[in-house]
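Below sits a lone chain in structure tokens, taken as the form predicted alone.
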């Protein structure tokens, strides 16, 4: 996928830093925090600021380019895979792994007083490295 074209399709000007941030997320798929993104990209982009990463992630969130993962209440993590899927978090090492489902995902029963806009599926336990 051409990242610059993808950003334009989401009405985002494809600056160098935006392209590199999204490329990092799509390449590593590690559900990074802002600090993780900054720490990995500042080595090759010394003028990159943490504020730029924060602002870019907010822009990506508001434009539907990434999703916020709130599986850990201590930190915000982001996912460039915006398809419908869940996440598994290891209780020991904190690693987050995508969970894909074979069939349709369960939906709550309709409730006349609610307008559901988002559902997140999370599982927690021990990964193969920690059990």
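Remember, predicted model here, so these are calculated numbers, not experimental data. Numbering follows the first chain given and starts at 1.
Omitted from view is the form predicted together with a further copy of the same chain, to which the following refers.
- Using a 4.5 Å cutoff between non-hydrogen atoms, residue 11 does not count as a contact of a further copy of the same chain in the predicted complex.
- Heavy atoms of residue 88 reach within 4.5 Å of a further copy of the same chain in the predicted complex, making it an interface residue.
- Under a 4.5 angstroms non-hydrogen atom cutoff, a further copy of the same chain in the predicted complex has residue 98 among its neighbouring residues.
- In the predicted complex, no heavy atom of residue 45 sits within 4.5 Å of a further copy of the same chain.
- Contact annotation for 11-37: no residue has a non-hydrogen atom within 4.5 angstroms of a further copy of the same chain in the predicted complex.
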